[in-house]
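Given next, in C-alpha cells, is a single chain: the form predicted on its own.
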C-alpha cells in the first residue's frame, strides 16, 4: 500500500522568501480571528545545542484548536504572543546530529513539555536534535508533516499494549490519524484487528487491513458488536478517540486497555491493566515511522493544503468539520 499524500484541495500561497520569516501568532485565547500573520527577523544561530530548520509544511492538529480557544487553560512559561504547532517537515539550516545543511527532515516539537516560545506555525524553528529524523526524497513535505505526533502516539500506544502472539485488538477511531496508524502497525505485525470506522469511511479502514471493520455508534452497541465475534471480549483495546471508561467493557478479564490521552485513563476493573500514553519525542521511533511511510507500510491522508498565512481559515475549516477526511496542512 502506498502512502496517500495527495490533498483533495489546495490554495495558492503568496509567501515569498527573504531575510525575514513569517509566523502565525496567537495574541489571546479565542476564535480563529486571534491568529495573526506577523513578520519577524530570521532566527539567529542557537547557542544551546538546538538546530534551526526551515519549515516547508506543518499540519493542523486538534490540540492546536483547543490551545487557541483556551481549552487547555493558561500555559506556564508561555506569555503571548504564542506560536502554535507541533509537527513540521522542512530542511536543515544548521548542521548537526548527523544531518547536513539542506538535509530534508521531519519532527515534532513537544509543545507542552518544552518552554521554548515557538511552535511550527512559522517559516523557521529551533529544535533539539532528538526531535527530528531524516526525510527521504520520496516523501513529500506535506505528507511528512502529518506523521510525527500522530505516528509517535500510535507507535507508543502499540508498544504500551504489549501485544502477544494471537491477541485480538480493538482500535477505536481507526478513521483518524492516530487510529489509522495504530491499525496499520498492528496489521503489519500480524495481529487480529477490529477497527472502528467513522460513518461512510468503512472502505478506507478496510483498506488498512483490519480483520473486522465496525461502524461507529453508541459505545454499548460497539461492545455488543465486538462480543458477537469475541464473546469474552478482546485481549486489548487501544482507545484513540477516546471513548473512555465504557469501552473497557470490550476487554476480556485480565486484558489490557490503552488510551492515548493519559489524563483521561479509566479506572481498572476485572484485572484489566489500564495504561495512559502521552506522546513523547523519539528520534529513533520517528526514523522507523518515516521509513515505513516511504516503503508504503504506513499511509496518511491529507484533506487539503492551505498557505501558512491563512492559518485562521484552516482552523475555521477544521473546527467546523468542513475540511474533509484527513489532515489540513499549512505550507510555507
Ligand SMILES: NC(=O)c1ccc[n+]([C@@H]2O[C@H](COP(=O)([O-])OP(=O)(O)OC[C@H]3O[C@@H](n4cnc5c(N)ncnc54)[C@H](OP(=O)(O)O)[C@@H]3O)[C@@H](O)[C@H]2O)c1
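Numbering follows the first chain given and starts at 1. Quick caveat: nothing in here was measured; it's all calculated off a predicted structure.
If you look for the form predicted together with the named molecule, you will not find it shown, but the lines that follow are about it.
Proximity to the named molecule in the model of the complex, taken as heavy atoms within 4.5 Å, picks out 61 to 69 from the listed stretches 266 to 274, 303 to 311, 61 to 69, 282 to 290.
Scanning 185, 133, 153, 226 against the named molecule in the model of the complex with a 4.5 Å heavy atom cut-off leaves one residue, 153. Site annotation in the model of the complex: the residue of 78, 104, 252, 216 reaching within 4.5 Å of the named molecule with a heavy atom is 216. Proximity of 28, 82 and 119 to the named molecule in the model of the complex is absent: no residue of the three has a non-hydrogen atom within 4.5 angstroms. Remark: residue 168 does not count among the residues lining the named molecule in the model of the complex, judged by a heavy atom distance of 4.5 Å or less. When the named molecule is considered in the model of the complex, residue 149 lines it closely, a heavy atom lying within 4.5 Å.
Contact annotation for residue 244: none of its heavy atoms lies within 4.5 Å of the named molecule in the model of the complex. Although the partner is absent here, residue 178 is a contact residue: one of its heavy atoms lies within 4.5 angstroms of the named molecule in the model of the complex. Contacts between stretch 304 to 332 and the named molecule, counted in the model of the complex as any heavy atom lying within 4.5 Å, involve 325, 327, listed in sequence order.
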